[in-house]
Structures are given as C-alpha cells and as structure tokens.
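First, one chain by itself: the form predicted on its own, in structure tokens.
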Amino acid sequence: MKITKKIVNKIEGEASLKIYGDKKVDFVEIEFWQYRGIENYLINRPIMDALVINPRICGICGHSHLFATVKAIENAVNAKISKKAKILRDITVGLEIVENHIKWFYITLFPTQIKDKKYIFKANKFATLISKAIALIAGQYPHNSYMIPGGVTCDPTNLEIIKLKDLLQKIYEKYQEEIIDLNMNSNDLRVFFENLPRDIGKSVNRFLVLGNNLFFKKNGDVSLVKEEKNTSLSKNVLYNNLFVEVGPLARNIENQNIKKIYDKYKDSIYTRIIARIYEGLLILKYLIKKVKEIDICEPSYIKPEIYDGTGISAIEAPRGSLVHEIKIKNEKIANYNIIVPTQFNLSSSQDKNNLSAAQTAMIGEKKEYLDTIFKCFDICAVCVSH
C-alpha cells in the first residue's frame, strides 16, 4: 500500500499527515510535533501568573484561554462575579470567535480552493473593526489579561458603551452584506463550492458541547473526558470512550436553519463550514442584545477569598470546547492541565473501529480534497501541542 507524508501548514502552526492509500485515503494518522510545555511552566508560580501566561498560548484565541483560566480559578476559590462582568467577558470572547471564523474562512480555508488575495484584505477589514470593539473593554489586543478572579479590571463609561453598540451594529450589518445573511445566503460560500462536492467529509456524527457561555448550552459532563497518549507530541481526547466532534456544528445543530442543511448533507464539509460562518452572525446578534443589559453602576470586581482548592472550567472557544484544570496549594499552582478543541477533533487513533472526527472525515475521500477537508475543522497546532 502506498504511504505518503504530507506537511500541512497555515493552521496556527504545522501538522503532518501519514496517508495510506493511492488515489483515495484508506487510513490516515495525524501528528503534531511542536512542544508547548505551558502546563509545566506554570508549576509553583503564583496563581495570578496564569492570567498573563495562558493568553499567550495562542495568538488567535487568547481571550478564550484567559476566560477558561479565570473560571478554573474562580471555581477553585468559589468566587462570585456581577452580571456586568459576565456580559463584558461574553462580549470579548464572542467577538474573538467571530474574528476567528472570518480569518479562518478567508485566510486559511479559501486559498485551498480560490487563489485571490482580495479575500485576505476582506478578512483584515473585519478584523480591524472587531479589534477596535474588543479594545474598548479589554485594552491591548491580543494577549490581554483584563479578566481576573472576581470580575474584570475595566469600568466602561456610558460613552464607551455607546461606541461599543455602534461598532457591534456596524459589524453585524457588514457581516450580512458581505459574508452571510440571516437566511443563509452567501455569495462567497457559493464561489468556494463551485468545484467542490458538498457531501464529502462526513464524520462521526457525535456532537459535544461542554461550555455554557454566550448562548451555547452544554450537552455533556466534563468528568467523562479522558486523555491518552498517541504517537506524536499531542494527546488523544475521548468522551465516554468515544471520539466526538466539537465546535460550531456541535453548538448549533439544533438551530432551525443549520438543521435544514444537516438534514440534507449530514455532518459533511458543507454543513461544517456553513455552521461556522453562520455562527458569527448569530453571535453578533446575541451581543447586540446583551450590551443593552449592561448596568454601569454594578461593580466590575468582587474580591474573592483566595485559598487552596481544585477547579475545572469548560468554555466554548472558537474551535469548540476548551477545558482548563488547576490545583492550588498555598496560593501557588500545584498542577495545571489544558484540553483544547483541536485535540477532540484531530486525535489520531490506531483503532479503526473508533476513529477521531477528522480521521473519519478524510478516510474514503480523494486525496485532492484532503487539504480542504482537514482544514474545515479549523485546526490550531500551537494550542494542541503539549
């Protein structure tokens, strides 16, 4: 049997695929070779150091890692936060998801089918607007640390909230005009699929949501998540001993419009991509509603009583469910563990009866589609390698 090795880049790092088969993929192994070592770096440091270090795990989803870190510490020390702080956190994490989806679609995925630099400029235009909105709450972007156990460090004025509302409305209207509208009409998506079948890349058809931030509702229990070693520097992640798919399709499978697409194409590449693009619009609509609920008279911060403990958090990040776990002893980090969405979707199993979402999607497909199918899961190699 012919075996080829393919290096895949432009996925926030690199991964390699060991492909078995000639014209079609008979089997595939996924390997990540970067070493992050963040968890080891955190040991014996004061717990507040994690708020500065962890957002630097990734240049794309730093807010999500900060959010998961803060919630893990808060769960360990039983901290409380105000509704105002919760909304402000949701806004920056939500905007980060929207920005990620736009960059992924136009900068990572589009070039696998369409070679036209105008789409890169389009993504940058939206990213600039979104970064301005995030900066009103969180300051510098990326790698900010404005979330702290007990709330947030910012205290926005009425004028800043008005500016934020205007920016959110502007981004929402442009999103409908230029990317996809509420009826799921998207000229760019039509262009992307002109020469690509819509029904390829079907996966495991098992969906998991562990976080309940924004409007997402969890459907699983984090205690059923298990890590195991594979042949590279990554780790496999299973839920209840099975591989699952996390991310926008899992989060929005019950949405009426997404469900119609799913009924026709199942969990194919087309359903997975349109769910991610459409989610950006749904999040913006949700944030426009939530920003009106901010009461600037509420406290931004409620001081928690720090003591030893163990905390685990699960949130929904751009690529899916993100888990952080911390053990605190004498107000220092005794142990830390991170499970990222790419681990769920891109585990590399040797058991042909229990394969990961990405492996299942690629096996049986023509090699010419491999790059696009692989990247439709929105991979982050730097997050996964630890």
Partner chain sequence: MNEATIAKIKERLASLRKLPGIGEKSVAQVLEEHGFTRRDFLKWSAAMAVMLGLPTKFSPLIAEAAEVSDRLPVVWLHLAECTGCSESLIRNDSPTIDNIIFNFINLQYHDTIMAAAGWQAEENYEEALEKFAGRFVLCVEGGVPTKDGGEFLTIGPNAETGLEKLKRTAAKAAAVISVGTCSSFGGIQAAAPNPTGVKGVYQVINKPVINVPGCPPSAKNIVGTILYVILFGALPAVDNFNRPKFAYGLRIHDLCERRGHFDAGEFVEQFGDNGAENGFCLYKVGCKGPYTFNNCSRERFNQHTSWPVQAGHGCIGCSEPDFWDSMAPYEEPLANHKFASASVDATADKVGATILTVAGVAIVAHAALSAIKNPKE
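Positions refer to the first chain, counted from 1. A quick note: this is a predicted structure, and the numbers were derived from the prediction, not measured.
Below, we turn to the form predicted in complex with its partner chain, even though it does not appear here.
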**Request:** Decide yes or no: are Ile57, Lys103 and Phe121 jointly within 4.5 Å of its partner chain in the predicted bound form, with each residue judged by its heavy atoms?
**Result:** yes
**Prompt:** Of the listed stretches (107-115, 280-288, 173-181, 70-78), which one has a non-hydrogen atom within 4.5 Å of its partner chain in the predicted bound form?
**Reply:** 107-115
**Message:** Can you pick out, from Ser223, Asn187, Gln140, Asn205, the residue that has a heavy atom within 4.5 Å of its partner chain in the predicted bound form?
**Reply:** Gln140
**Request:** Identify, from the list Asn144, Ser313, Asn252, Ser268, the residue with a heavy atom within 4.5 Å of its partner chain in the predicted bound form.
**Result:** Asn144
**Request:** Indicate whether Asp49 is a 4.5 Å heavy atom neighbour of its partner chain in the predicted bound form.
**Result:** yes
**Message:** Given that its partner chain is not shown alongside this chain, does Tyr41 nevertheless sit within 4.5 Å of it in the predicted bound form, heavy atom to heavy atom?
**Reply:** yes
**Message:** Would you classify Asp155 as touching its partner chain in the predicted bound form, given a 4.5 Å non-hydrogen atom cut-off?
**Reply:** yes
**Asked** Ala275: heavy atom within 4.5 Å of its partner chain in the predicted bound form?
**Response** no
